[in-house]
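Included below are structure tokens for two forms of one protein chain, each presented in isolation as structure 1 and structure 2.
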Structure 1
Amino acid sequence: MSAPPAVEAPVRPRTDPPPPRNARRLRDRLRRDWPLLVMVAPAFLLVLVFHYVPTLGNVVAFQDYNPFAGANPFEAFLYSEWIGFGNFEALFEDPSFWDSLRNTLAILVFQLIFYFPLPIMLALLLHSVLSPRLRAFIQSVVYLPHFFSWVLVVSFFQLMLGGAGLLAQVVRDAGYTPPEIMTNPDTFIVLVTSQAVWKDAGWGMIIFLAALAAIDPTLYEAAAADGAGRWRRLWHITLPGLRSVIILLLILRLGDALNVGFEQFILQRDAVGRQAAEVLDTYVYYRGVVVQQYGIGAAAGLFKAVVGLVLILAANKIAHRFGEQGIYQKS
């Protein structure tokens, strides 16, 4: 389409109708909209102070930050020495940093394989339950643990499976030695995944249930008329219907990849041991807050944030390449 010639641009002498939006002067719009801006201001300030200022504060990663160089952390920041990439060098030479990175990635991969499909399966299963009352009941029950804190979830696991827990009590009564479930580093990855499943698989199911409800039932009818059995309908109608949601959630999971659940790990790190239970977040915490090597802790945090950002952007790009919408439109 070629643009129409601009000769017909109307010159309107009348001032009666309001001028077009973009022509209105900023000052007039401000006079109209200032109450709205005032309303946004408090939230704006809080996010500025507690989100953007700390984001900028990541420059500490390039300092030999000394908390005693000034009267408060801000002054200390001003007087601390700049050391370029020194913190990163120290970080990459620290074997326990690599341990934590390896653990984080292992847990991520493990959960992508063993956790990610579960909400989909659960949604399919529940969707096939005919009684609406039964379905509502099961839904209410499986959503529930999502509202529990991690402390509570880990506590429940401890109470049920721990050394003094219910399972141990039953096994001991039967005359056997109870297994060490909560403190075994070798099976820790299974344990944390089960905890994540217990807490959030039901919740993760919501969005799939909604997607399932949105699939046009006439598609199933037509497929059934064509002789497609139950499994063929699942494969050719249901799963394609879920495709875009699955991809969206995969991207989100990848973007969140390095946040494998800080509270969950810090709660169990000491019981299981650093070798298996140290993830990037707990590493940042112990290195930064506990040992007070703020520069190195910040460097590890920054490393994590940047890798996470790159992952989510890359995943989104891949989604676009496959013709999916991803989390934001290609504009």
Structure 2
Amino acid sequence: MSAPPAVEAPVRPRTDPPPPRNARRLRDRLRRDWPLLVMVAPAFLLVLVFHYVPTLGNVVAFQDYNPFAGANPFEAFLYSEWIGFGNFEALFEDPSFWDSLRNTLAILVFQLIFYFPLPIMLALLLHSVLSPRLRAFIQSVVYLPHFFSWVLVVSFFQLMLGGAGLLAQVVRDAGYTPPEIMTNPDTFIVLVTSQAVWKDAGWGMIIFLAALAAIDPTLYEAAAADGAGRWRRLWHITLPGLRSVIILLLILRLGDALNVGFEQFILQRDAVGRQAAEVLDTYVYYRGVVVQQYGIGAAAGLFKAVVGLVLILAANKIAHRFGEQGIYQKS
């Protein structure tokens, strides 16, 4: 008796192994969010080209950079001599650097005290205006100077407060000697803060108006029903509602602490003198471009960036200690 023939197992068609779970998740998210990615792409390219790529030039801070060392800028980077922290040593031995740092810190502290609260106060005052048309008109007038260039702002102040300006003519007609406002180095810090307030306080107010609009109006109604006056509602409802925004903007301002401006100071530097108007931005320009000490200019710029990074990390950590979100949270 012969053995029955062996039954062969059915041959299954070969299929590719399923993609890993993370790859599927990424593919699903790309398919879902592609409109948002397309919208973000121009801004990403803008930041990449004009912010991240130029940071590669910080290597000049550690070189005795010679732009003629190669046939093109890339070869000049490669063939320039590396000198370690030599540029930083020269930077810290330069008295004009310490003058510019002192002026920058003085302007920063002065503006944090006298400029930073003004957009909050403007937003609170404007929020109390009941007429929407009047509120829109005041808001438009107040933030309009933000769109003016610094050349126009300084020219406007020159026409109003300069030696041949409107105020000086009125004072002369009254028989008195007009004060030197635009050329006085002792009051220059007040002058630049006034210009910054006129130009940007209205623009900064918009963020706080948006935060005020997000506060639930039923809280005010409940507080008024309980007998709370205007000041109590301001203290217990409005200011707590603005606290997270205030801390966020304060952290961002500290991160940008040493960037007090360039155009505003370069335009008025000759009028009041280097001792009063030299800040870190103008110091980097004169060292790196005018005098062509590229390494020292790059070292000053890198020093400013590192200080800003340390300030923003410290301020964010303090915000976490007080229970605020800050600009980022720990994962």
Partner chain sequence: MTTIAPRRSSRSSRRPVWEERPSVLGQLGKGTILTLVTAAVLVPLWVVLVTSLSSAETINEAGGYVLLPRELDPSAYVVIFSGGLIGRAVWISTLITFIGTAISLTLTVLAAYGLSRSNSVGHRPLLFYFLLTFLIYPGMIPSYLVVTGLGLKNNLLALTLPTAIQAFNLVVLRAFFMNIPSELIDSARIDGAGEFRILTRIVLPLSKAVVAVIGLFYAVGYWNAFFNAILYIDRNDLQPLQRLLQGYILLGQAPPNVGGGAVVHIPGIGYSAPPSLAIKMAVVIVTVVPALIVYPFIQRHFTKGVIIGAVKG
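Counting starts at 1 and follows the sequence of structure 1. Here the rigid core means the biggest group of C-alpha atoms that line up within 1.5 Å when the two forms are laid on top of each other. On a predicted model such as this, the values are computed, not experimentally measured, just so you know.
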(request) Name the structure that is the form predicted together with its partner chain; the other one isn't. (result) 1
(request) Align both forms on the core first, then report whether residue 241 has a C-alpha shift of 2 Å or more between structure 1 and structure 2. (result) no
(request) Answer yes if the Cα of residue 271 shifts by 2 angstroms or more between structure 1 and structure 2 on a rigid-core superposition, and no otherwise. (result) no
(request) Align on the rigid core first; then say whether the Cα of residue 75 has moved by at least 2 Å between structure 1 and structure 2. (result) yes
(message) Could you tell me the distance the CA of residue 35 travels between structure 1 and structure 2 after a rigid core superposition, in angstrom?
(response) 12.5
